[in-house]
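Here you'll find one protein chain in two forms, each presented separately as C-alpha cells under the names structure 1 and structure 2.
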Structure 1
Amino acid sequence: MSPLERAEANFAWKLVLPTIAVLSLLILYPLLYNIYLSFFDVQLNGDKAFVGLGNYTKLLANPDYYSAIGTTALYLLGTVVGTTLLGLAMALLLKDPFPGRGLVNAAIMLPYVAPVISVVFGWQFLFDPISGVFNYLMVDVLHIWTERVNLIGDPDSALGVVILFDIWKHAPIAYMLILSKLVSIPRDQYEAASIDGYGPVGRFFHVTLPELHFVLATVILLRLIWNLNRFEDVYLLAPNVQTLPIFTYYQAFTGVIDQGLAAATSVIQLGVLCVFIWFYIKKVMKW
C-alpha cells in the first residue's frame, strides 16, 4: 500500500467513524442485546431473571401470536399486491407528459409525505359511523347497507381499512420507482412490437412487463421489508388490528408487561426480515 493510499484510507476511516459508532451503539448492539433479553424475564424497570427458552415456548403456545401472524400475512398480501398494482397503473397512466403533470404529481405524492398522525384522523372521520361520508354513501345514497357500520371499530373490517390506507399512502413510491424504469424503455422496442402486429395490450405484455420485471420485484421486496415492521400506520388508525408489531408493542408496554416475550417476538421477526433484506442486497442493491 503506497503512502498516498494509506493516507486516503486513514482519512476515510476518520470520516466514517462517527457514523459507525452511533449505528453500532444504537442499532447493531441493541439487535444483539435483544437476542440476549429474549432468554430473560424482563421487567419494565430493568430487572431480569434467566428463563432459558421459556419466552419462546410461551410465545409458541400463545394462540394470539398465531392470530397476529395471520393478520400480518393478510396485511402484507393486501398491501403488497394493492400497492404494486396501483403504482403500476399510475405509472402507465401518467407516463407521457401532459399539461399540469407537475401539479398532479405533487398531489399524488402528498399522502406519502404527510404525517401519519394527521391523515389517520381524516380517514377515521371518513369511516366514522355517525358523520362519515362512507357510511352516508353505503346507507343513504346507494342503499347497499341497511344500517350504519363502525368499520374501524371491528378488527376484521378494520384490517381492510388499514390495508386500503396503506395502499393509499405507499402507492406513490411504487409509482415513482416504476415510472423511472418505464420512461427508460426504448421507443423502438414498441415500434418493433407494433410491426410484429401487437396491439396496445400485446405490447404491454410483450415489451413493458418483461422490462419492468426487475423493478416490480424491487417494489414487492421493499414493500415486504417495510410493511413487516410497520407500526404507526396500523396502530394509529386502528389499534385493534393486531399485526405482529402491534402485538409486540402491547406485550412490551401495555397491560401485563412482558418485555422478554416482546424481545422473543422481535427476534423471530428479525430472522424473517433478514431473509428479505438478504434477497434485497443480493439481487437489487445498486450502491
Structure 2
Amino acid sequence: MSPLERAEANFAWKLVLPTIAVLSLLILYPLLYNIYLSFFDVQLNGDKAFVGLGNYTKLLANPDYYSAIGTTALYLLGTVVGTTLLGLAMALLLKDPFPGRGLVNAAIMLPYVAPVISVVFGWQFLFDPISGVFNYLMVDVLHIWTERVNLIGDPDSALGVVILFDIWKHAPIAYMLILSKLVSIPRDQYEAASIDGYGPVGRFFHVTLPELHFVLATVILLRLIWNLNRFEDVYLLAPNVQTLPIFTYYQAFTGVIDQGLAAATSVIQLGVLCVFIWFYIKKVMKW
C-alpha cells in the first residue's frame, strides 16, 4: 500500500471503530456471555458451577423442549406462508394506480406501525369469551356455535389465533416489499406474453413470479429469522403458546429458574438462526 492508501485505510478504521465498539458492547459481549453461561449451573445468588455439556444433555432429554420446537415449527410455517401469500395477493390487487391508493396503502400499513401492546389488547377483546365480538358473531348472530369459547385461553386454539395475529400485523411489510418490485416490472413483458398466447394465469407464472423470485425469497427468509426470535407478540397475546423464545423465558425467569438451561436453549436457537442468515446472505443476497 502507498502512504496515501495506508492513511485512508487508517482513517476508515477510525470512522468505523466507534460503531464496532458499540456493537461489541451491546451484541457481541451478551452473546459470548450467554454461550459461557450455557456450560454452567447458575444459582440465583450468582454462584456458578461448571457442568460442561450437562445443560445441553438435560435440555435434549426434556419433552417440553421438543413440544416447544413443534409449536415453533407450526408457528413459523403458518406465519411465513400466510404473510407471504397475503402480501402477494394484496400487491397483485393494488398494483395498478387508482384514486385513493395512497390512503389504502396507509390503512394497510397501520397494523404494522401500531404499538404492539395496543393491538394485542384489541385482539384480546375481539376474542374475549364473554364480551368479544368474535364469540358474539359465532354464537348470537350466525349461530354456528352453541356456546362461547375462550380461543386464547385454550392452548389448542391459541396458536391459531397467534398465527392469525402475526399474519395480520406483518403482512403489510411483505405487501410493500412485493409491491415495490411488482410495479417495476416492464409492461412490455406482459404484452409479449399476451402475444405468445398466455392468459392472466400464464402471465403470472411466466412473467410475474420469475421477476418476484428475489423479493419473495427475501420476505420468506427474513420472516423466518424474525419469527424464530418473536417474543413480544406471542407472549403478550397468548403466553400459553410456548414457542422457543417463550420456553426460554420461562426457563430463565419463572418457576424453577434454570438460567444455564435457558442459555443452552438460546445457543441452539442461535445456531439455527446462523444457518438461516448464512443462507440469506449467500443464496439470496449473493455476497
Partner chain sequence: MLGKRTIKGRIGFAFAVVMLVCFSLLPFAQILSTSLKHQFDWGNPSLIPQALNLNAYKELLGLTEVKKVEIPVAIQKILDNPKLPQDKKDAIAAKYVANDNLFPFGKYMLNSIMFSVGAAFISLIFAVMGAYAISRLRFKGQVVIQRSVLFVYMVGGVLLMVPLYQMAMNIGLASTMWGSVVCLFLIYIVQTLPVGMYMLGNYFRGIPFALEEAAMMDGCSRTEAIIKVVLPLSLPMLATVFIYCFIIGWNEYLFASVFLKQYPEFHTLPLALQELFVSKNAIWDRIMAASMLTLAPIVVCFLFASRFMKGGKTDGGVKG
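All residue numbers here refer to structure 1's sequence, counted from 1. Whichever C-alpha set is largest while still superposing within 1.5 Å between the two forms counts as the rigid core. Since the structure is predicted, the reported quantities are computational estimates derived from the model, not experimental observations.
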{"property": "Assignment: the form predicted on its own", "result": "2"}
{"property": "Rigid core superposition, Gln43 Cα moves 2 angstroms or more between structures 1 and 2", "result": "yes"}
